[in-house]
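Only one chain is shown below, in structure tokens, and it's the form predicted on its own.
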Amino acid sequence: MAIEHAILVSLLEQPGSGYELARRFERSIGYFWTATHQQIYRVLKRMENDGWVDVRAVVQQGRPDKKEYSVADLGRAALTSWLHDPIEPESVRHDLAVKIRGAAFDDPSALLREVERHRQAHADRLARYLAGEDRDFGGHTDGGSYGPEGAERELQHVVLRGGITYERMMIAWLDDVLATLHRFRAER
């Protein structure tokens, strides 16, 4: 996936300025696709030049005017084309897993702090996802139907639930790794 597709999805959900897009990437889209503010602005300019987005000036009181971006017909066509193209399942590249295997040739318990740090990072991300789910989807934590007009929200929620499931899986795996490393520590 290119950043352009993530931006198109975000703008179809709600038009916005480059700053607003960057905030959305930090708050929700960034859980699954990250981009810096600079990347977003650079890509928006290219998308504007390619006719994928429309831009309108929004006058603001007491602040500089801002540009609000929305998806143009060419952008919608590009997204539709991409949505219909098959993609390969992603392969996992996991540096920590390689370190854990490599620990067999050193002191396995030396990885305890690193694995604990990773576990904490996943626990923190899980907490953010759960807070976002509560904030954005309230009583729909079971993934129930949002009704005939709720496809956008329901699909946003199913992606978030995937992130929640992934973080829970990672925490469970890291707990298993920690128990294994502690066992090696006890045997020394």
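Note that the rigid core is defined as the largest set of C-alphas that superpose within 1.5 Å between two forms. This structure is a prediction, so every number in the text was calculated from the model and none was measured. Just count from 1 along the sequence shown to find any residue number.
Omitted from view is the form predicted together with the DNA, to which the following refers.
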Exactly one listed stretch (116 to 124, 129 to 137, 54 to 62, 150 to 158) reaches within 4.5 angstroms of the DNA in the model of the complex by non-hydrogen atoms, and it is 54 to 62
Is the gap between residue 168 and the DNA in the model of the complex 4.5 Å or less for some heavy atom pair? no
Evaluate residue 84 for contact with the DNA in the model of the complex, applying a 4.5 angstroms cut-off between non-hydrogen atoms, and reply yes or no. no
Does at least one non-hydrogen atom of residue 180 fall within 4.5 angstroms of the DNA in the model of the complex? no
Heavy atom to heavy atom, is residue 32 within 4.5 Å of the DNA in the model of the complex? no
Quick one: in the model of the complex, does every one of 49, 70 and 76 get a heavy atom within 4.5 Å of the DNA? no
Does residue 84 show a Cα shift reaching 2 Å between the shown form and the other one after rigid-core superposition? no
